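A lone chain, given as structure tokens: the form predicted alone.
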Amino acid sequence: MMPRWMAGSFSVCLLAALSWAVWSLPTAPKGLTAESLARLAESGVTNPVTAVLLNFRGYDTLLEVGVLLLAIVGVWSLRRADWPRTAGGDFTMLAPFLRVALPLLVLAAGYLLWIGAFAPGGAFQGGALLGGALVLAVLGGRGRHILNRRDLLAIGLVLGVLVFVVAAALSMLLSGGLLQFPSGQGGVWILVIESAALISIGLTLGLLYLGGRPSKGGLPRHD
């Protein structure tokens, strides 16, 4: 076990290094805003945020989707999930609410994905709505038929990373650059990547709520 004085010295050195790094940051960094806006027409979308995330630095977004996959793999490796105590209880108002809310949440997620090309939105925002819809379905006792399909869940969880990696490999073959999409086709590539990422992000956020992996024989009820 590390002695307290050693841990304290390390913490002080780390604090000093971080303070120096923050202090040495330029007061007015130039950034790449002008360059990004100048090449916006070549990105395939008109929303500058989506252009940066999915085109100009798409490899960074690929890593972010990969981190989410690693997070759910880590959680699933620790324990099995228990069905929440309140799931499927006698909530007279919850069932009618879910019949209306769940389709609307799925529709809103798809809408956010679509408008991400030209307005604020995208796969992460839509995925957050899908994750919330999955949590509501679990609390209402309506998610068992989904959560007990481990094969479909696994496909959905890796879909975002898989499609992203395939797109990176194909773009390398077609244009000679990693995630450098062929001229005039960026919008189609971005839509395909974000559609797959939407599913993976929504499933990941929703399944993280359970705190473990669903059992192969069916998700057990927490007594």
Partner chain sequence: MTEIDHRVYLAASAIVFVIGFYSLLVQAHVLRRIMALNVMGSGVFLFLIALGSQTPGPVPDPVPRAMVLTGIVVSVCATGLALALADRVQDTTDRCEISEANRHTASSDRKSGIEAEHSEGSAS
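This one's a predicted model, so the numbers in the text were calculated from it and none came from an experiment. Positions refer to the first chain, counted from 1. Between two forms, the rigid core is defined as the largest C-alpha subset superposing within 1.5 Å.
Omitted from view is the form predicted together with its partner chain, to which the following refers.
Although the partner is absent from this view, residue 75 contacts its partner chain in the predicted bound form, with a non-hydrogen atom inside 4.5 angstroms. Its partner chain in the predicted bound form is not approached by residue 196, whose heavy atoms all lie more than 4.5 angstroms from it.
Interface membership of residue 95, defined by any non-hydrogen atom within 4.5 Å of its partner chain in the predicted bound form, is ruled out. Proximity of residue 148 to its partner chain in the predicted bound form falls outside the 4.5 Å heavy atom cutoff. Put the two forms on the same core and the Cα of residue 10 is off by 2 Å or more between the shown form and the other one.
Shown in the overlay between the shown form and the other one, fitted on the rigid core, is a CA shift at residue 20 of 2 Å or greater.
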